[in-house]
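Shown below, as structure tokens, is a lone chain in the form predicted on its own; questions about how it binds or moves come after it.
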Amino acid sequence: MKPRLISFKLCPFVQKAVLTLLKKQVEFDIDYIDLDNPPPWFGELSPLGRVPVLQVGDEVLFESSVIVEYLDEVHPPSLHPADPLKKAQNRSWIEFGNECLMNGYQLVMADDEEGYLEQVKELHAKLDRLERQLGDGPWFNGDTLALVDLCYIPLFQRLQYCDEACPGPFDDQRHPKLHAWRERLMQLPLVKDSTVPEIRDLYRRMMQMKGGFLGQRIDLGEG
């Protein structure tokens, strides 16, 4: 029985589930909805009214962390470390990445340059901590690609679109380990298949529609 994901095309949290399924070579279906005008059946599926939602037969799961953990558990081998403490630490850093994603969204929402730079400052403070956590690589835990690695791909992809509009989210000299990790992650073949092909154009269009500092830069042809 193929799992079915409910998403919208820009959702970074659904992308984590897709990356997990692709890494494990699990067949799945995915349906994209308009969250501003969702179909009537969506309210019955999603208690919180948001994506991702995973259908497994007649059963429904919601919340991205729950979905990703379920997929990892039922489709072995696990992408988590075997050691319970290390596994828990990886889960903690996945949640940390979720907080970074919210910072990334605030970059898009910043009204002016001052607000944008303040958000960059807050983001860099988080990335400083992530930089200190990284070892010599090539992956988060060393030689083995793990779930925590996959869960940072949506963040790095979206920060890249912000950085194209106005350099700032990435400081490769300040975060050299993070830069090397990010480069390796974004070169994984499964990244391309984890979103719709037009993801970059959709994200830039979303920035324009928000009308903030980054969107204005794109309007001016500077992004």
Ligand SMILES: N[C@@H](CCC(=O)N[C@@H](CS)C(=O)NCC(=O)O)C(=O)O
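The numbering used is simple: start at 1 and walk along the sequence shown. Quick caveat: nothing in here was measured; it's all calculated off a predicted structure.
There is another form of this protein, the form predicted in complex with the ligand, and it is not shown here; the text below is about that form.
Open item on the list: Quick check on this chain: which one of 183, 63, 172, 193 has a heavy atom within 4.5 Å of the ligand in the model of the complex?
Closed with: Flagged contact: 63.
- [ ] Name the single residue among 35, 30, 26, 56 that comes within 4.5 Å of the ligand in the model of the complex, judging by heavy atoms.
- [x] The option sitting close enough to the partner is 35.
- [ ] Indicate whether the ligand has at least one heavy atom within 4.5 Å of a heavy atom of residue 12 in the model of the complex.
- [x] Yes, residue 12 sits close enough to the ligand in the model of the complex that at least one of its heavy atoms falls within 4.5 Å.
TODO: Give a yes or no for residue 154: in the model of the complex, does one of its heavy atoms lie within 4.5 Å of a heavy atom belonging to the ligand?
DONE: Looking in the model of the complex, residue contacts with the ligand do not include residue 154, since no heavy atom lies within 4.5 Å.
Open item on the list: My question is simply whether residue 51 lines the interface with the ligand in the model of the complex - judged by any non-hydrogen atom within 4.5 Å.
Closed with: Yes, residue 51 lies within 4.5 Å of the ligand in the model of the complex.
- [ ] Given that the partner is absent here, state which listed stretch (175-183, 193-201, 63-71, 162-170) has heavy atoms within 4.5 Å of the ligand in the model of the complex.
- [x] One stretch meets the cut-off, namely 63-71.
- [ ] Output the sequence-ordered list of residues from 176-207 with at least one heavy atom within 4.5 Å of the ligand in the model of the complex.
- [x] Contacts from 176-207: none.
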